[in-house]
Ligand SMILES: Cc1ncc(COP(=O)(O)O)c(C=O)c1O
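Presented below, as structure tokens, is a lone chain in the form predicted on its own.
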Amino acid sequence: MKFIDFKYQKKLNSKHIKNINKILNKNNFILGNEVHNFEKKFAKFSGSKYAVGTSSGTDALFLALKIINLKKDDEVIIPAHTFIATALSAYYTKCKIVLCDIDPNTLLIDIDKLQKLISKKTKAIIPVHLYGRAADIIKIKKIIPKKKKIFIIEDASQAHGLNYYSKKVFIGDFTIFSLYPAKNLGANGDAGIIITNKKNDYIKLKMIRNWGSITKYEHKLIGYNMRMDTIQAAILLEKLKKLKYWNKQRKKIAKFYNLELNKIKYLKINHNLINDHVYHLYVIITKFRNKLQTYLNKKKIDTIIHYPKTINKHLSFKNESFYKKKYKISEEIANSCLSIPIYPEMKIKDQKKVLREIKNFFKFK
């Protein structure tokens, strides 16, 4: 059983081919009308005024950080347990990265610990809506000193459509999304997008993603080549129509998993037992993680560890102040988390097989 089977998207292929042929005939491959249309519709879908398409989620986060004018000594706080792209995007700006441990119950940034890390040098906080669960942005805003401007940049790369279930998200200064193929809303290649409610930031983001230019050959800012291509936008326009339904299906499968897995005393799944979740991933926590993964592999059930290393343990950050520091909860989760299959059109027989084999494994514990 595959971890994710993209066959459920095959129904859209004929529409994709038709739309791609139109683009091929127009020869409008970069920032075509489809990009503008997707930006407009995604902004509306996400409850925002503006959206700016980019070449990837990593680039989207980098651009959001870039326009807040970070200086070398400015600090950006991120969770210690997240995908490395969150950290790399901040690293590219040459600011100082500060890691915050996570809450063992939510697996998201620990807000009590976050409050203690805020200093005079803090310029931005990047809460990650990891696995599809909402970080409490309202609570994070409340802990920021009133007289201090700290930007909140939400990394919602695993949380497309979360605004339909939670009013606590997409209310920061910027929210960024990866549109990598395996996401709840994914392109058929790399892409990303940023949403914001501020017109000036929107205009600036459009410029710096395109070599600092809006009008061809007029470059008013130092910019980058980080644009969304037209073919990916056309594909995303079709998939966006299905996102609410796909998320509904994910929640339905998660509910089915919850009922059975909650009965196993060797598993921890409390972070899944909520409404503010779009289940990009369904993650179980167990001290028997490695043995369970090996067992499920033998039963031909694919699983993935998201993520086996915390940010402080990546060799790429060996020169950073946080390298090899201890982040107790993040490291415990990295050593015990396991993602099991979940995708919108997952057959009930496959869901039952996953549950059956997990229960069989723990039967002898």
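The first residue of the shown sequence is 1; numbering continues from there. Quantities reported herein were computed from a predicted structural model and do not represent experimental measurements.
The same protein also has a form predicted in complex with this ligand, omitted here; what follows describes it.
Against this ligand in the predicted bound form, the set Thr58, Thr86 and Ala191 is in full contact: each member has a heavy atom within 4.5 Å.
This chain is drawn without this ligand; in the predicted bound form, the residue among Tyr327, Tyr50, Phe317, Tyr307 with a heavy atom within 4.5 Å of it is Tyr307. For the options Ser178, Thr230, Asn184, Thr196, the residue carrying a heavy atom within 4.5 angstroms of this ligand in the predicted bound form is Ser178. Among residues of the shown chain, Ile152 is not one whose heavy atoms approach this ligand to within 4.5 Å in the predicted bound form. Contact between Gln158 and this ligand in the predicted bound form is found at the 4.5 Å heavy atom cutoff. Using a 4.5 angstroms threshold between heavy atoms, Met226 stays clear of this ligand in the predicted bound form. This ligand in the predicted bound form is not approached by Asn247, whose heavy atoms all lie more than 4.5 angstroms from it. In plain terms, the part of the chain that comes close to this ligand in the predicted bound form, with a heavy atom within 4.5 Å, is 76-84 out of 261-269, 105-113, 76-84, 282-290.
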